[in-house]
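Okay, so here's just one chain, in structure tokens, the form predicted alone.
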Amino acid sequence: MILGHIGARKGSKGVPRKNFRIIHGKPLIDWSLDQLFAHPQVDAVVVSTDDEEIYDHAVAKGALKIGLRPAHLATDTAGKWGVWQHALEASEALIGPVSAFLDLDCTSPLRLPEDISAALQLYNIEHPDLVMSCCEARKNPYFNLVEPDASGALHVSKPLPGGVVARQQAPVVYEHAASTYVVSPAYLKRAGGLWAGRVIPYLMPPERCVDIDTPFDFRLVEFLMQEANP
């Protein structure tokens, strides 16, 4: 039993009501929600939200009726983990035990259906606690990410003995791309956060990992959608 999940909080300071804002012909959330409903491996879909309009919209499309998320999970400071735990518990009360918890971030709508399949395949092969979408980072803390000291002088964030003079010499680092996650339900129930267990990357190309957090991001994603689907 694979449970597909989307979290969509009502408030958004960067782009007001971005999760339900129309982008390239339909609400932003639907680019991810429709992928879950269309995917042959997903058995049930749930949307965790404090927005009545989004909740009614999702239920009308076939999402589980778990009610609105609790107020303490609808704040600016509420993290993914507590939202996931609540959604899993509420869903299992309706459909029984879940074998994998698949989360799609609705603010990252450029993933392909193949990304979902590949992330699920990786989870089934490697048996980690969590599969997390990542992409190769554009900047590297061993080479060209810097931070100021108390005097304001800049230093490489993670200096190595002898220094790193070329990007190719630096250790590989990934960017946590908020797009696609596959979580072990047992891990989700027992752990206190993302990093408490064995977390492995599912690598995606950077152009499919753009996350909408600002009006510029929204315009960029809309442009990329229009190019891909004229």
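Owing to the predicted nature of the structure, the values given are computational and were not obtained by experimental measurement. Numbers follow the displayed sequence, beginning with 1.
A second form of this protein, the form predicted together with a small molecule, is not displayed here; the remarks below concern that form.
L194 is the sole member of L194, A170, I66, V59 with a non-hydrogen atom within 4.5 Å of the small molecule in the predicted bound form.
Checked against the small molecule in the predicted bound form, the residues A178, V182, V45, L188 give one hit for a heavy atom within 4.5 Å, which is A178.
Residue contact check for D211: one or more of its heavy atoms lie within 4.5 Å of the small molecule in the predicted bound form. Put simply, H86 is far from the small molecule in the predicted bound form: not one heavy atom of it is within 4.5 Å. Residue contact check for K158: none of its heavy atoms lie within 4.5 Å of the small molecule in the predicted bound form.
Proximity to the small molecule in the predicted bound form, taken as heavy atoms within 4.5 Å, picks out 77-85 from the listed stretches 140-148, 91-99, 118-126, 77-85.
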